[in-house]
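In the block that follows, a single chain appears as structure tokens, in the form predicted on its own.
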């Protein structure tokens, strides 16, 4: 059974196949989920992730079922493994947005239906696929492109480095020393052949094809807000930073904390591509679902 919990679960040809599926128009999407359901488990709320996932299931002919943490009580009412087996009785796949990546690994280890990571503290692979689709549409092939990620080296950054590195691009991570990748992440990126470098702010964006940032205070970190704002002082993406390369584009996985990690003028400016990027979340999850349905079906391609 194949699952997608992180970008490096995929070989380069498999990632390229998913990207190819994502580029196809909706009219060419086969109804692989006709008469079937997909469990959409959300331990934390979302706007883009829920809407893109549910509509992807619909476009594949299926029925999405939104499930909250309170409804199933993983590891309280039932173990993660038993919840997975229960959902597999009714659904062709499980898509899950969780806090701890380990929970996804436990669900996938049951190996009864494909499991897709909609977001965890370890990675955000569907966002990275949407990012690649956006970069390709705006800049051309990823190979040889320089993506400069400014801010917290978090789950989004890790998946981005894995995806861009797999396709021959490079990522420069501009982050405070105490908000860079940990040793486990560095080892995983190295093993996956996804090189990256650290850069100083803001000069690193001069040669950027893409400038990318994420929130400094993620969901669940509200208690650390004041400390994080002090840590990231000077890392805000503003007009002066973007002006270092007027040909670059700006991306943000959203939601944005306006005038915190990025200014209004950049988010709404001519270099911003945040709304095409958000729109690409739909073909990204649809393509991953389609690929998993194909490869997990005997004789599937």
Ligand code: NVA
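Positions refer to the first chain, counted from 1. If you're wondering where the values come from, they're calculated on a predicted model, not measured in any experiment.
The same protein also exists as the form predicted in complex with the named molecule; that form is not shown, yet it is the one meant from here on.
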| query | finding |
| --- | --- |
| Proximity of residue 119 to the named molecule in the predicted bound form, heavy atoms at 4.5 Å | yes |
| Heavy atom of residue 218 within 4.5 Å of the named molecule in the predicted bound form | yes |
| Residue 253: touches the named molecule in the predicted bound form, heavy atom cutoff 4.5 angstroms | yes |
| Contact of residue 154 with the named molecule in the predicted bound form (heavy atom, 4.5 Å) | yes |
| Partner-proximal stretch of 132 to 140, 187 to 195, 209 to 217, 80 to 88 relative to the named molecule in the predicted bound form, 4.5 angstroms, heavy atom | 209 to 217 |
